[in-house]
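Listed next as structure tokens is one chain, alone, in the form predicted on its own.
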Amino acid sequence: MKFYISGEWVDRDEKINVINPFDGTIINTVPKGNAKDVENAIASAVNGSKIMENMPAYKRYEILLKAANLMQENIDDLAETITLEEGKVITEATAEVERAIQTMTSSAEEAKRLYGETIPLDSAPHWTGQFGFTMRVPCGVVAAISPFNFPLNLVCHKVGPALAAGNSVIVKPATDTPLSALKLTKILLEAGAPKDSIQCITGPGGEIGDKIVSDPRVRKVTFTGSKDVGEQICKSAGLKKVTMELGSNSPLIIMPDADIDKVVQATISSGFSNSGQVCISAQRIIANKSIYSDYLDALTAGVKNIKTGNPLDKSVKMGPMVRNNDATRVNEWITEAVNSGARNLTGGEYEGAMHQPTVLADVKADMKISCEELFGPAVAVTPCNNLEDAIEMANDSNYGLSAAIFTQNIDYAMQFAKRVNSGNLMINSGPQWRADMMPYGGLKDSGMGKEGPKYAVEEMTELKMVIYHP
């Protein structure tokens, strides 16, 4: 595929191969962008921002709603694209497209809701008749840098609100999974988005990403990815608005009164969907000692039943990781934990990008598989004595994106909600649960700012204060 800048679909002699993680075949190529391409994209986006700022809200709504409808018409093609470029099983890929459609639909609605408010200036002690109100206006050019693990929906979470708010947007998709974003760009243009309102440029982040985010004409950066890259982007961005959705190692606490069958089901769905390559994947399982053995027995049996293989097969529940070296890294962390005293109850082997779903027991908090972000198909189970112990373990992390607890005790649930340092808190569900309209974002090293169309629109606009003096 070609990439899209300056109102044209552009090719380059230097290509990047898009690889099917399951069998290693080349499914497509994309151009490798360069500094001149970045310059052209930004110049076009500056022009596009002026067009979008002056476009009526209802027109922006119509464009985004039509794009959502076109996505629905192309749901099978989009789902297969996600599976082929990322390795996500086809049932999960279809669910991702369905979520992306809702994200775009919600973004369309938010285009009509850029409210200001009157400010009661007469509450000030020295008021002399002034009347004040606020106006919400677009930032201008938004840079949207997306990860590989949700190559369509997370792009929609950036592009939809950016256009809804009256901005133009430059999309830099993940190098491993650029095809979904390019197809979304085509859909938006077909839906009526002005030719300069969106750019989609492909290439290594280290070569073109820094040039995009550091340019002063870019007024907002929204990034989802690793903490290290996020920190570098913040350093390069300078004085502009940023939203950072970074890493995690989500804890799941299990209290003695939990329904073990429900917990096991939630652990499997939260820990192994997309081969564990989800920011809010269940990674650290903190189980009360009174139910520890029963939980491990039930979890091990359930994980052994996860069918792995070709992600295009609808009966397969877990496919490959996105790259061979990621499977190697995950296996190294598992081996390191086992060598330090953890027990491997099932899994632990890999071939190429296919890593077996793995359960480790008796994991200590200082093991890498517990204290860093694994981003792979394994869960690390640790016993705890009581709720106080569990909350202390849950908070013993630099991350704070999502956390979960299973309990029927309302006091336990409220203590968890009040005291666990996380942006998303799930009671009687796994930490991976997310509704696309909700405010989504983390605390501590998990980032800053919120996604979810309503909240992203606020992040992608500026607030003006207007005061009329009599």
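Quick note: we count residues from 1 along the sequence shown, nothing fancier. Owing to the predicted nature of the structure, the values given are computational and were not obtained by experimental measurement.
Absent from the display: the form predicted together with a small molecule. The rest refers to it.
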Item to complete: From the candidate stretches 197-205, 351-359, 333-341, 376-384, select the single one in contact with the small molecule in the model of the complex, where contact means a heavy atom within 4.5 Å.
Response: 197-205
Worksheet entry | Residue contact check: Leu401 to the small molecule in the model of the complex, 4.5 Å heavy atom | yes
Worksheet entry | Pro173: touches the small molecule in the model of the complex, heavy atom cutoff 4.5 angstroms | yes
Worksheet item: Closest heavy atom of Tyr295 to the small molecule in the model of the complex, within 4.5 Å or not?
Response: no
Practice prompt. Using a 4.5 Å heavy atom cut-off, state whether Leu154 contacts the small molecule in the model of the complex.
Written response: yes
Worksheet item: Can you pick the one in Asp210, Glu80, Glu392, Glu109 that has a heavy atom within 4.5 Å of the small molecule in the model of the complex?
Response: Asp210
Worksheet entry | Among the candidates Val141, Met321, Cys279, Leu184, the residue which, in the model of the complex, approaches the small molecule to within 4.5 Å (heavy atoms) | Cys279
